[in-house]
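Given next, in structure tokens, is a single chain: the form predicted alone.
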Amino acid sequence: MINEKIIVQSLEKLQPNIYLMKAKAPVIASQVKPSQFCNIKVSDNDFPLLRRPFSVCDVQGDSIFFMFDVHGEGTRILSEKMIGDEIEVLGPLGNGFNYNKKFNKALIIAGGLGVAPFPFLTKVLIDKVEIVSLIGGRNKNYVVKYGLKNVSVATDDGSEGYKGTVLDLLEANKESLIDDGTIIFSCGPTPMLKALQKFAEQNNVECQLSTECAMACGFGICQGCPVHSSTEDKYLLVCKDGPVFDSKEIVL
């Protein structure tokens, strides 16, 4: 875990309310793994705003990327950063996806800004296994395909791709998508992850869930991001024990 001052290199608008920030962060870039995150201090004058957790979206050399949408004061400040601005960041934090095992297909399932950790995972896996990506959003303005491979889209209103949720899309195509060598890597809203957890159990497929939660400290001190263990009578912490969990490991 490093407290690094990163330098903004670019800020790109991917959709009307969704941004991609590139920043020079040589120390974090050399250590981070897919679905680990950083806690960002959005401003030197951000009291009472807390640091905000963001998945590392991608890594290029000594640069890291963050994908985010503007939904409050903190992300508004982040969306107005200029090239050359310095940002204080704590990371890499948490445990990322476990892909150091034998499998032949990575089935990526993402809802909304749950796509954020997958460009990095795709880059790591692209020469090793088949990758199929299913992504969902409220409408076409919430669909981001940056850095993904073999993408199929579902939108709630049918404005792009399949009309329905990303889980509906998965169910409609599960015969062609799931085999003995498939691992599901997923990130998105908790109701989506809960439904995917049930799908994985019913279809006997390994599934890793990158969970979303409000985090204050980001490394387990505040105890503010609990999730119940499915195997023991205790709580795990999203920031420290996760954010990635095996779907059989937690109760959502």
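One-based numbering along the sequence shown. Keep in mind that what you see is a predicted model, and the values were worked out from it rather than measured.
A second form of this protein, the form predicted together with a small molecule, is not displayed here; the remarks below concern that form.
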Counting non-hydrogen atoms within 4.5 angstroms of the small molecule in the predicted bound form, say which of L113, L167, L125, L148 makes the cut.
-> L113
Partner-contacting position among E73, E80, D85, D156 - heavy atom within 4.5 Å of the small molecule in the predicted bound form | E73
Whether L50, P53 and M67 all lie within 4.5 angstroms of the small molecule in the predicted bound form by heavy atom | yes
Residue contact check: Q197 to the small molecule in the predicted bound form, 4.5 Å heavy atom = no
At the 4.5 Å heavy atom threshold, is D58 in contact with the small molecule in the predicted bound form?
-> no
Quick one: is M215 in contact with the small molecule in the predicted bound form, heavy atoms, 4.5 Å cut-off?
-> yes
Should F185 be counted as a contact of the small molecule in the predicted bound form, where contact means heavy atoms within 4.5 Å?
-> no
